[in-house]
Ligand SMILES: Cc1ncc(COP(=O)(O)O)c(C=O)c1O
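There is one chain below, alone, in structure tokens, taken in the form predicted on its own.
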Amino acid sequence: MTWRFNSLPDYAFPRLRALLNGIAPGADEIGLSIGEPQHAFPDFITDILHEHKSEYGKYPPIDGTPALRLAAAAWLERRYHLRADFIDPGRHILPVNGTREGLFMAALALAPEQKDRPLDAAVLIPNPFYQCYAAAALAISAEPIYVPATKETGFLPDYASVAPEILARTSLAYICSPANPQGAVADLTYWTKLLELARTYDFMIIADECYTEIYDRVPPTGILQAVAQDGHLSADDSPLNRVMAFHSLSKRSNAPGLRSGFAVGGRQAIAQFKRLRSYGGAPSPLPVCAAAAAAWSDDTHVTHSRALYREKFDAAEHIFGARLGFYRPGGGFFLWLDVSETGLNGEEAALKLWRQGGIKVLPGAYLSRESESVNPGASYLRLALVHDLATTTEALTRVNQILR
């Protein structure tokens, strides 16, 4: 491994396997550790993949198909109430083969060259966070700055509180809304302040909005809505060039294996991203593009899936009440439970749940880093409510009983 990645711990799931290795589950296993949707895969996607199967014999273009980009633009306009000409499908959208690849490569493509001392550059990362953000920062030889996203900050990072000398050397800021793992949602005020901060200190915002279609009651505001109402928008769409947002079908359409998402940003940013991906990116196969275009064009299956998640959060609220710091997240499908009242930390609680109840959950510390000698995820567990209602209810009932 090269020196720049030496500070990375093992990825969260190998760490969990090592923690539980050799320990027999205390009951039939139920896995709540991985955010892999288990709701029904849409039948129409399977049909379209079959109809277009001959196109697996062709090299796909790196920018997907016009139909896919048009469907993505139409969904953005519909979902975020944007004016019809705000998004140009040909210039503002680039499909990606799964958003993890895109979120990583965006740092390589977009870290501003004005920060002329790369080894001193900084990348702002919420803490806890999706783990590829840290690897992306190290890949561009930048210092990851882990900014606490705790109960005290509304489970979103307060980037304005970062020291000015760090902001001055910041190249990129990652932000996830709805947040993984806490489910917190950035509102229009939050996005607007972050855009102003990016303008003041000349950095890019990488917005991971892959959970935006999974919400409890109120559709999460998107960063594009803040950009659209920005009074500084000019002919070269400069505010949009400070932003690249990512969206995915993995969660929205219960299609993690389809590996299909897209990036949306300003013309300059997308052009830079496309150029890099032409060298090192993996384009989506043409049958996948066709299926994805249909998925972004259909909202019915998303509404149905969202209702199923809402039922599971109803069950969780009934089971836990106010115990373990339970709250209904604004978006996403995770519970972020605080086990400190049990006298255990997250790792100890995860071991106990596995040993006594066969419940596999992820310790919050595996999604966080120490900042000022404190790991903000240490007392937490992340539970993914991805199974059917009966399985989820059984799992959460065991968790509540074992952690009493």
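Just count from 1 along the sequence shown to find any residue number. Since we're looking at a predicted model, the values are computed, not measured.
What comes next is about the form predicted together with the ligand, which does not appear here.
Relative to the ligand in the model of the complex, residues 327, 342 and 400 are all farther than 4.5 Å at every heavy atom. Using a 4.5 Å cutoff between non-hydrogen atoms, residue 250 counts as a contact of the ligand in the model of the complex. Contact check for residue 284: no non-hydrogen atom falls within 4.5 Å of the ligand in the model of the complex. Not displayed here, the ligand is approached by residue 180 to within 4.5 Å at the level of heavy atoms in the model of the complex. Remark: residue 75 does not count among the residues lining the ligand in the model of the complex, judged by a heavy atom distance of 4.5 Å or less. Residue in contact with the ligand in the model of the complex (any heavy atom within 4.5 Å), chosen from 92, 312, 306, 259: 259.
In terms of contact with the ligand in the model of the complex, the residue from 127, 254, 171, 99 that brings a heavy atom within 4.5 Å is 99. Segments offered: 76-84, 270-278, 202-210, 147-155. Contacting the ligand in the model of the complex at heavy atom distances within 4.5 Å is 202-210.
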